[in-house]
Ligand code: NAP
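Form predicted alone, single chain, as structure tokens, below.
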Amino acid sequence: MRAIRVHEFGDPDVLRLEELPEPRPVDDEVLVRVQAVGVNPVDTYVRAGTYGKLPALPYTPGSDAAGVLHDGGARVYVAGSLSGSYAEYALCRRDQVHALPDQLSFAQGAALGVPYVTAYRALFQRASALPGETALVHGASGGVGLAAVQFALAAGLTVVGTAGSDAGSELVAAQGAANVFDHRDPQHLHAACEAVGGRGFDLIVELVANVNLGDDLTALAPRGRVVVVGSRGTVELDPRDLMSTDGAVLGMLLPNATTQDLAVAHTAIATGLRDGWLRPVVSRELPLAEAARAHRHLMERPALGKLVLVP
């Protein structure tokens, strides 16, 4: 089979297409014939060697995909893989594959794993979001951001988003966000607070904490919470901003999720897909051989839905 391999950590050019033996499942493992691969920001951090936990070299990147079970043909989405998902076949534990509804494309299925589980965990398992609360989603036009907007709206929250392009703002508004602000504008956070009556936000989903966290603390409502989903460095804070609202900063890392956490999240995803209020957005599809190009695109351009690879 064809698969992307990484023999050394570094820039996107270390992603190389190679021929590998087809994996063979044993015990409670299954083999998925991959039709689409989800490309996530964490894949770029691991490839660059900057992530906290790194795989042994060489490795095949990726955890998200969609395809069909090799032993039965059922349509599934993959959320975790033993062999890596940037390949024509992915070896998985049985609990890492989930039914993919017929109304979703394989590309949409590949957009579900990391983004939707991350969004669910951030909102409900870490921040305990409640109906009627106000939520600010930074970077709302990306995979995790869109998932968070959809989950929060379905749960009865008022949602404000930020995006880094006109197209991104239009996409977030189309999901139903009450307001969308351009985070390139230095005054966007002030404008966002004004949009919810100046009270601040009960919940902020933060994807770039090293840039925004210090300002986020000034935008919290009383007893508000910031959930840090992503960060690319350090940040300076004034603890008094947190103290003034009895606020809280909560960290979240997907590998910390328990088996029960994941099961609950995937049940919620299944419900949302069935009822139509979860709608994965795919912005671009590239051939598997262009994995390096996909990583560059992800790092260099404003987020706009999900980017997938097609074997």
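The first residue of the shown sequence is 1; numbering continues from there. Just so we're clear, the structure is a prediction, and the values are computed from it rather than from any experiment.
There is also a form predicted together with this ligand; it is not shown, and the following applies to it.
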*In terms of non-hydrogen atoms within 4.5 angstroms, which of the given stretches 79 to 87, 234 to 242, 156 to 164, 193 to 201 touches this ligand in the predicted complex?*
156 to 164
*asked:* Exactly one residue in Leu254, Ala265, Val30, Val281 has a non-hydrogen atom within 4.5 Å of this ligand in the predicted complex; which is it?
replied: Leu254
_Contact residue in the predicted complex, chosen from Val149, Leu123, Val180, Leu207 - any heavy atom within 4.5 Å of this ligand_ = Leu207
*Does at least one non-hydrogen atom of Ala173 fall within 4.5 angstroms of this ligand in the predicted complex?*
no
*Would you check, heavy atoms only and a 4.5 Å threshold, whether Gly305 touches this ligand in the predicted complex?*
yes
*With the cut-off set at 4.5 Å between non-hydrogen atoms, does Ala129 touch this ligand in the predicted complex?*
no
*Is the gap between Pro41 and this ligand in the predicted complex 4.5 Å or less for some heavy atom pair?*
yes
*Quick one: which residues from 83 to 119 get a non-hydrogen atom within 4.5 Å of this ligand in the predicted complex?*
Val114, Thr118
